[in-house]
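Single chain ahead, by itself, as structure tokens, in the form predicted on its own.
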């Protein structure tokens, strides 16, 4: 029997996106806890590290931090941490945030010289009365906490930057320059949720630019009663809809994680009908029952899922276009 509430939900979904994109999709089977899900192919390595903690009854917060540190410390990854592509001034600036099951959160932005900003964000959460530190203040705090000052610009990233300077054309390409974020959310055996997000931001951005990645509610949101969500892609568009918070609130209203991701993407399309055809934004969601969702503007958004039933598999998300 179709209840009035269900009828309204279906009608809302249908008004925002084609029915064929909402119903009848093939999705990963529903896993049992623990569960960890993260963005892009490098989420595979992040999940593997997180699973070492989750599979031994560890806390989701520890798992997402450990997972995010994997791409941060990989010099071959040009969009996160060490080896990240610089801004147009040749400076590698990092943004990150983390959030636990108690709504505690911490973030850093425009942080230079520190390989693991996600761990600095956690220190902000645990050691200060604040949520957000930026720039020189974030660096000063990191050094006070014992983090080592290092050179983040690798030879490969420096060469790419110098090649870019020849034309200095700033036009990010979907699924190339846009897959600039590792977002990771997890559910542990105690049914607690946590999440983290970390990035070096858009390649060749203006110095001082901050996207959605360190902003609680935009790139990451955790509500331990409902679920967690994270995002990737063009951060400006995620900020405009407070994307991850929107996804969690849509789950609160009774939508599945998949439906919530689709509705959030549809909101971006509604706000930016022309621009949305040229950029990439993707969302991941995880609810208290271990159900997951993934959806993007364009084809090509991949994510990694690890659970007892799914041993760290890469999926390609469905897309609006």
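Remember, it's a predicted structure, so these values are computed and weren't measured experimentally. Residue numbers count along the first chain shown, from 1.
Beyond the structure shown, there is the form predicted together with aspartic acid, which is absent from this document and is the topic of what follows.
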Of 151-159, 200-208, 132-140, 119-127, the segment with heavy atoms within 4.5 Å of aspartic acid in the model of the complex is residues 200-208
Taking aspartic acid as it sits in the model of the complex, is residue 234 near enough to touch it, meaning that at least one heavy atom pair lies within 4.5 angstroms? yes
Quick one: is residue 181 in contact with aspartic acid in the model of the complex, heavy atoms, 4.5 Å cut-off? yes
May I ask you to check whether residue 213 falls inside a 4.5 Å heavy atom distance of aspartic acid in the model of the complex? yes
